[in-house]
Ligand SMILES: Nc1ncnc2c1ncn2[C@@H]1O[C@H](COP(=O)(O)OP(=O)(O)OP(=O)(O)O)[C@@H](O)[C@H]1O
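As a starting point, one isolated chain is supplied in structure tokens, in the form predicted on its own.
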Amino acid sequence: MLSVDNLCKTLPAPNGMRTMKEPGLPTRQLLAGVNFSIAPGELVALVGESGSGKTTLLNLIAGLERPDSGSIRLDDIEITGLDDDAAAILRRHRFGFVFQAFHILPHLTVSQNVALPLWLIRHGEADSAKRIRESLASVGLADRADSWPRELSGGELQRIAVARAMIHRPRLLLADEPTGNLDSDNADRILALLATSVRSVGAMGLLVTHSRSAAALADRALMLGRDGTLAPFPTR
């Protein structure tokens, strides 16, 4: 289970002074005692206005930033207690990421892009080839393994990103506005793929989105308010 307990984070002070409490320095409480959990096989949507702190929350969960206080646990691992090297190792093995901008490497083929997480954890070559085939088939792109990214549409590129995010069977999938650059048809397909991918392997998923229809595809949705607190978000 992913457990986020009493997480607090303020905006950085000017000139990069993140933690100084000098009088007069403007700060804003980005996260104010945030609490939630995600169970295996569950996809949770996180909605909120631009600047409300959604991406910061993802970064904290991934160990890319540190909170002012509170804790984040992934199963038996206290993420907030890890140093940078340990957090990087955890991300390679237990996290999958999907972003709005695809982040597909143009100098690698489709299959090579999908294989990147396996390369990073030095997964066995024979099983890697099998997983690449299965992952591309799962997103309907088995026939594009040797294609170059420039030959694919935006929707296809994001399907590759989903395959890449799940190929190493991560424990937690973090998706930050994964449909922001797609038309409605491709957006619906990507959201369905994300939900299916998470549920089929018993992973956990956190989806950041501005879209009420996208949030409706999740098992439940949460709203991050401008006051830094979380509340249930009705989608129906």
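Predicted, not measured: the structure shown is a model, and the values here were computed from it. Residue positions are given as counts along the sequence shown, with the first one as 1.
Another form, the form predicted together with this ligand, is not on view; read the next lines as being about it.
Answer yes or no: in the model of the complex, does this ligand come within 4.5 Å of a heavy atom in every one of E125, A129 and R169? Checked in the model of the complex: no contact with this ligand for any of the three.
Of these, L191, L174, L30, L43, which has a heavy atom no more than 4.5 Å from this ligand in the model of the complex? Checking each option against this ligand in the model of the complex, the one that comes within 4.5 Å is L30.
So if I measure heavy atom distances to this ligand in the model of the complex, which of the stretches 197-205, 66-74, 179-187, 43-51 falls within 4.5 Å? Checking each option against the 4.5 Å cut-off leaves 43-51.
Is N35 close enough to touch this ligand in the model of the complex, meaning at least one heavy atom pair within 4.5 Å? No, N35 sits far enough from this ligand in the model of the complex that none of its heavy atoms falls within 4.5 Å.
A216 within 4.5 Å of this ligand in the model of the complex, heavy atoms: Contact with this ligand, no.
Classify T56 as contacting or not contacting this ligand in the model of the complex by the rule of any non-hydrogen atom within 4.5 angstroms, answering yes or no. Residue-level check for T56: yes, a contact with this ligand.
Within 4.5 Å of this ligand in the model of the complex, counting any non-hydrogen atom, which residues from 179-214 show up? The stretch 179-214, when checked against this ligand in the model of the complex, contributes only H210 at the 4.5 Å heavy-atom cut-off.
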